[in-house]
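First structure 1, then structure 2: two forms of the same chain, each alone, as structure tokens.
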Structure 1
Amino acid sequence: MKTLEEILPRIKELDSMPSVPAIVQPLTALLRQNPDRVKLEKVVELVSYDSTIAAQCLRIANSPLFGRRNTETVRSAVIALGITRIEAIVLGSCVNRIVPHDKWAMDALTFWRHCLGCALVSSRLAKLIGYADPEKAYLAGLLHDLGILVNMVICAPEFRVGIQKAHESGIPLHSSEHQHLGFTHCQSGKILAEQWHFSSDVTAVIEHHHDVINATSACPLVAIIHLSDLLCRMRDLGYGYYEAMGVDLAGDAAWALLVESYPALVKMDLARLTMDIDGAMEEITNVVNAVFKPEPAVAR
């Protein structure tokens, strides 16, 4: 068992890891400018410098999510995806590299399938309820479990015990983390998100996606990711084990928070909403599987 104060120096060390791509800082700075000022060719140039990020852009641009386009160049992928989706891919690739191969306590593809699945469900749910920024929901869904990567690096032995016990007992991973580490991925993820200057709403999601009631900002976004995370974990896009839990959408605190922000949701047919999400699950699963194919050849 450790305290957050004990692990803080080790989290700060993640800033200087050589595995974090050198292009991330200049590229994210470029992407966060006013869209009218972002130069497409500069984005293409920076993305092309990193083969993993470039390949990921091509995978997603060619996925069913974008109509199975025949996208063969980084330039066409950047145009197809848009600035916000490119930022999500860059940050996802960046956080992926903080975990050395020997530190993975769970299957890496299982982890990223859950994160990408949550991103896709979050975007779809955001559109269904009328949330103004579905792309921000996608980004937050992709990054919500940042702290799991942190815990695998800085508390590898304790985290391995935690996930093993979660598998054996069928309890949520964050509950097992609290028992065996003394804190959860929500707390450690928040620390790294603040160090890396993530936006305040995405940081709130990372901190509170299992604790919606205590979120004091970005409440609708936190609620969307909370519900999407649950839906994924109940539908074979979780952490690779069965969780003994049920999802009562109407009775969940996250749904109550959404209704406060979107009063019209009181009249929404929740069964129909859930059916719509369920109906998209096969498509979402296909997209997730398509993304995790071998890297395609990359052309600018």
Structure 2
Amino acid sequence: MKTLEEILPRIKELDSMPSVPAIVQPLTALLRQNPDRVKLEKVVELVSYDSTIAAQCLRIANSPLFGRRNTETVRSAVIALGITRIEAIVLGSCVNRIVPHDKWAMDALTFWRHCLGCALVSSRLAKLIGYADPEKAYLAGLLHDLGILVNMVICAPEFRVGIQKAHESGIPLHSSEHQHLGFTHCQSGKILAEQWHFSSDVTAVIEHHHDVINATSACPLVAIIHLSDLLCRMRDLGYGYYEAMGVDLAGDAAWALLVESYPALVKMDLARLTMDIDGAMEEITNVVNAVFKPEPAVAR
């Protein structure tokens, strides 16, 4: 078992991994500007430099989940998706590349199905309750489990044991990590998120999505991601094993926290939201399969 202090230098090494796409830094810097000042052609140019990211943008823009628009060029994909969604794709792609193929301790497509599912449910939940920035919820949902990738890379043997034990006993992954690694993906993810200068609210989500009660900032966003994460894990969008638990979402502390700011939550039809997730499952799987598999060449 390692301590967080022991793994810190290894997390720092992740920053200089050659697999991190070269365009990420200039593109994220560009996207952080005031949206009114972002030059569309510059975004298109940067996205086009990276064939993986360009293909992901096209595939997501063409998915029924995002309105299916028969988008054929990077330019039209950028317009169709919008800048925040492009940022999510770029960061997702960047995050995906920190794990070498031989280090995946769980099925990569299962992991990304969970992350994309959480992103979609989070933005849906955000819209339903009137949260001001559903796109931020999408981004935070997509990246909330960054620390799992960190753990796969820097503590591979221990993490493998952790996930195997979670499979066997049906306990939540973070509980098993705590037992077998000595820390959870929330803690290691936070360190990398800070290192990569993720926004403070997304970092808060990464650190606190399993202990909402201890979040000191971005509390509504953390609560939205926490509930969406739970919901996904109960609807076959989890980590690929049976989590033996019953979840009373409306009895969860995160629910109570959200209700204070968003009274609309009380009247939300949770069963209907759940059945909508069931209905979208096939398409979520299709998108993840399309996005995280090798792609053909793309017209600019």
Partner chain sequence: METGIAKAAAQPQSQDLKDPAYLKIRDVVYQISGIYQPEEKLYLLASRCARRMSAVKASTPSEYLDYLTVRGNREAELRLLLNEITIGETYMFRSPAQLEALRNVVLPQILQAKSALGFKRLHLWSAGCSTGEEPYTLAMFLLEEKERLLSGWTFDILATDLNDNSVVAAKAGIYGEYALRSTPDVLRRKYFKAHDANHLQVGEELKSLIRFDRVNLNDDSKMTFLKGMDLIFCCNVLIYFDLSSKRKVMQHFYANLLPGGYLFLGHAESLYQVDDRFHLMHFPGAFGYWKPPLGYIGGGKK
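Heads up, when I say rigid core I mean the largest set of C-alphas that superpose within 1.5 Å between the two forms. It should be emphasised that the depicted structure is a prediction, and the values quoted were computed from it without experimental measurement. Counting starts at 1 with the first residue of structure 1 and goes up one by one along its sequence.
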> Between structure 1 and structure 2, which should be identified as the form predicted on its own?
Replying inline: 1
> Aligning on the rigid core, what is the distance the CA of A280 moves between structures 1 and 2, in angstrom?
Replying inline: 5.6
